[in-house]
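Next comes just one chain, in structure tokens: the form predicted alone.
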Amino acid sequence: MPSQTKSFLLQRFREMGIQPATRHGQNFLIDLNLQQLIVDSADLSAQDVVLEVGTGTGALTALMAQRAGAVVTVEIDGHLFELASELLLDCDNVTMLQQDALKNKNTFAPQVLDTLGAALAQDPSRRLKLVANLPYNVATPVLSNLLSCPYVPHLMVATIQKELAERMVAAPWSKDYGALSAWVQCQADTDIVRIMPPSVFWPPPKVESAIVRIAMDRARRDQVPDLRYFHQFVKAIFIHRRKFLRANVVAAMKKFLSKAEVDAILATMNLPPDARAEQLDVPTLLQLTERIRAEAPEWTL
């Protein structure tokens, strides 16, 4: 099976008369050691159903197919789908889908979910893992939405922008801490496995990248009474970072809670008028969410 090197990609793209599509965030990982590191970090076994978003040429797919029970790989680009189909022809445990993995920015496409569900249903011991060199333009919605989809991932290993990885692992009081930090940390442990320079990709992106490993903590996730409400609420209170927490809560709840009611809730938690959302750790954000939800259960962003 040919290796995904720069020379291989140049030759295949020349043969097909195509160029990488910037609109799809196509940057191909050409460092073979890093391709192997991604697969090794996912700790794949026969009980794993892998979701890959962005098949590309199929190089990473083929590596995963050697270890996983099943691989569902999604590619939006017709030319790449054709190229990868040739490489993966003999991989019987790979299901290829040519489509957008996302229905919209908040939801996975139904066919992707149906295909995953069918693969998982074949054996009750099977578990879902996302392993992918994610296109930058869909990295956030893919990772974020998978944490709230019907099939909860056991593990996610992905290459993403370094900046996005830093936001996921950020601590309170830091500039990178925000709604995404809280959303991921309320249910998973996240580690940055490796920082990668642009030179390990073709064509090279303009920013550094990172391999992240996001391991689900079921016990922590189960402590969140309403995941959807929490996700929506943290997005609302981080939407204007320079504003005080009170102002953001009042703005989000203006049709449901009065300013006096918001002040009373913040006072019960000993949160001062000048508190900001980025100062609150995940347990405090969860506590605040539940106080708000008790008074405004019907609220939605």
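Sequential numbering from 1, following the sequence displayed. Because the structure is a prediction, the values reported are computed rather than measured.
There is also a form predicted in complex with ligand SAM; it is not shown, and the following applies to it.
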In contact with ligand SAM in the predicted bound form (heavy atoms, 4.5 Å), from 92-100, 119-127, 173-181, 218-226, is stretch 92-100
For the spot marked by Val49, Ala65 and Thr115, is every residue within 4.5 Å of ligand SAM in the predicted bound form through some heavy atom?
-> no
Checking Leu134, Cys186, Ala84, Met156 against ligand SAM in the predicted bound form, the residue with a non-hydrogen atom inside 4.5 angstroms turns out to be Leu134
Of the residues Leu80, Met168, Leu88, Val212, which one places a heavy atom within 4.5 Å of ligand SAM in the predicted bound form?
-> Leu80
Distance check, Arg293 to ligand SAM in the predicted bound form, heavy atom within 4.5 Å = no
So, in the predicted bound form, is Ala42 in contact with ligand SAM at a 4.5 angstroms heavy atom limit?
-> no
Any of the heavy atoms of Val53 lying within 4.5 Å of ligand SAM in the predicted bound form?
-> yes
Look up in the predicted bound form whether His24 has a non-hydrogen atom within 4.5 angstroms of ligand SAM, and give yes or no.
-> yes
Between 72-92 and ligand SAM in the predicted bound form, list the residues on our side with a heavy atom within 4.5 Å.
-> Val74, Glu75, Ile76, Asp77, Leu80
